[in-house]
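Below you'll find only one chain, the form predicted on its own, shown as structure tokens.
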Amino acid sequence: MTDVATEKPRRGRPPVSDEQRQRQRLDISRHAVRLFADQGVAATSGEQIAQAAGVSERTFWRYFPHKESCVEPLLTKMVDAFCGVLHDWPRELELIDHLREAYSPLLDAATDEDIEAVLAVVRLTHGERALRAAYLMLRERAENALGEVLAERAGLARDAIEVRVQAAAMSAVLKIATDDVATAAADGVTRETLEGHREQIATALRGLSRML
């Protein structure tokens, strides 16, 4: 008669889901931005960020290869919000009209706290080279998403020069408009500022489309 081995109960903490991991990375990102804004990037250590977020240093460094990469989760929310609106662009509408109707400035269903944090990051990138590198890398993601949509609309290859030029030009409009609204909101974010941001993007893209 063969003995049936009984399964031993698991010990330790249950595994963290991807959703929990993303929430924790975003929470760490919020704390990091506050510290960066208050005392500067150079004066802020990974240990300080971990303590502020209530996680161990080991967890912190597992999530982020260097402290400057802490801004990525917040900036990713901004980029993903725009890319999501872009992929839902109806064929019967011009892009400018679609953005006016569907684009929630900067973040989709964001809290005021997150909007202020993102704008703080954008302002910090003006003087912090490491943060600017992360910002521009994520902007490149938005440009790639824009190129995919434009290529599909025009029936062209994604690497066609017409598509790449238009995607790069539109991405530049978004970057400049975001830089402007971040500067304008240095003393506080208002709904009027954010609505002006959306209108600025729409007007600039309309002028750009005429030039192209």
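The structure displayed is predicted, hence computed values, not measured ones. Each form is matched to the other, and the largest set of C-alpha atoms that superpose within 1.5 Å is called the rigid core. We number the residues from 1 along the sequence you see.
The same protein has a further form, the form predicted in complex with a further copy of the same chain, not shown here; the description that follows concerns it.
Just one listed stretch, out of 159 to 167, 42 to 50, 55 to 63, 29 to 37, contacts a further copy of the same chain in the predicted complex at the 4.5 Å heavy atom level, and that stretch is 159 to 167. Heavy atoms of R132 reach within 4.5 Å of a further copy of the same chain in the predicted complex, making it an interface residue. When a further copy of the same chain is considered in the predicted complex, V189 lies well away from it, no heavy atom lying within 4.5 Å. Among heavy atoms of T193, none comes within 4.5 Å of a further copy of the same chain in the predicted complex.
Proximity of R153 to a further copy of the same chain in the predicted complex: non-hydrogen atoms within 4.5 Å are absent; the residue sits far from the partner. At a distance of at most 4.5 angstroms from a further copy of the same chain in the predicted complex, none of the three residues Q20, Q22 and V85 contributes a non-hydrogen atom. V189: CA moves less than 2 Å between the shown form and the other one after rigid-core fitting. Relative to the superposed core, Q22 shifts its CA atom by less than 2 Å between the shown form and the other one.
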